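Presented below, as structure tokens, is a lone chain in the form predicted on its own.
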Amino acid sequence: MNDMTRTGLETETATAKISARGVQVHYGQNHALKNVSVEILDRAVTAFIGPSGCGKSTFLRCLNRMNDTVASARVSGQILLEGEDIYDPRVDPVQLRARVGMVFQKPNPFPKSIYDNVAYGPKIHGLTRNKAELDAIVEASLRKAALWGEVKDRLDAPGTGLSGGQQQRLCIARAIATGPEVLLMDEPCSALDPIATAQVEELIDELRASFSVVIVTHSMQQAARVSQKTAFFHLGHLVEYGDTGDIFTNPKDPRTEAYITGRIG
């Protein structure tokens, strides 16, 4: 029995948005990610769960080459986006990050107006020909991020003046303004209060109609609420991957069961 079958990674190439094969990451001498292979589906939310330091954020950062910014990082293996190797030397990481957007743990709006936060990506990537087109992208992105109704009358106000939950939704609007195909979220609710968390979770559920969404979360309850697929990482290994309901109610690997029941982690 090969690794793909043993970890529940039955190939779903027909609907795979991202295919990772044998991905390894070293930070200097530290072997942070060990031989990870997984298919990430289109128009679905995939949750990465596992204890701190298990490799889930490291793997997330591989998917838009954020590890390129870490001098000691070495990534090997293959990651395909729509069949294209994102680590091919001909791939421009800046263009890749327009296709694979990212939202970070702490809301980090630019010190600019609400409008300019969202308009920034489309401007630098030359996605619009005039102000009317840019206005349309800003409005559409804020609507998709469920923020338009709250900010439409103060688009010139600084993004940093919004509440934490609004700032995170602004960052989501900024990420989707370049028209990405994939949206990566690294613990997007960990700095938010319960009400703001519920709003962002509801938004994530809506976004999967348009994007492939990958979320790293420490909260198993959150993973169970928002995702259709769950990947459990432990000590740099992808231990198990499958339908979220199966992972939480009928895990195949004893390590997954031990984590979900609170015996490890």
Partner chain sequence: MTDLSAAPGFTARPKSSILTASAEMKRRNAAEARFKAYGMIAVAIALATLAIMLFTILRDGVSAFHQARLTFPMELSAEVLDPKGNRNREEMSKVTTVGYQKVLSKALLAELDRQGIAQEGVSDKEIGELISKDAAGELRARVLADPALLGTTITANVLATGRIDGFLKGRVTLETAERDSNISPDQLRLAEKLRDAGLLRSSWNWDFFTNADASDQRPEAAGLGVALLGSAYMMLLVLVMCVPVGVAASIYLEEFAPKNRWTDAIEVNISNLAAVPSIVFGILGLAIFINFAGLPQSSSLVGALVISLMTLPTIIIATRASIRAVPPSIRDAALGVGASKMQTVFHHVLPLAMPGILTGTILGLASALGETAPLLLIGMVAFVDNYPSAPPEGFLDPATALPVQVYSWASRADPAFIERSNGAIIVLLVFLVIMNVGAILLRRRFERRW
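Positions refer to the first chain, counted from 1. It should be emphasised that the depicted structure is a prediction, and the values quoted were computed from it without experimental measurement.
Omitted from view is the form predicted together with the partner chain, to which the following refers.
Shown without its partner, this chain lists Pro89, Pro194, Pro111, Gly149 as candidates; in the predicted complex, only Pro111 has a non-hydrogen atom within 4.5 angstroms of the partner chain. Stretch-level contact check against the partner chain in the predicted complex with heavy atoms at 4.5 Å: of 211-219, 62-70, 23-31, 42-50, the positive one is 62-70. In the predicted complex, at least one heavy atom of Arg174 sits within 4.5 Å of a heavy atom of the partner chain. Shown alone here, Arg97 lies within 4.5 Å of the partner chain in the predicted complex, counting heavy atoms only. Phe104 belongs to the set of residues with a heavy atom inside 4.5 Å of the partner chain in the predicted complex. Interface membership of Thr160, defined by any non-hydrogen atom within 4.5 Å of the partner chain in the predicted complex, is confirmed.
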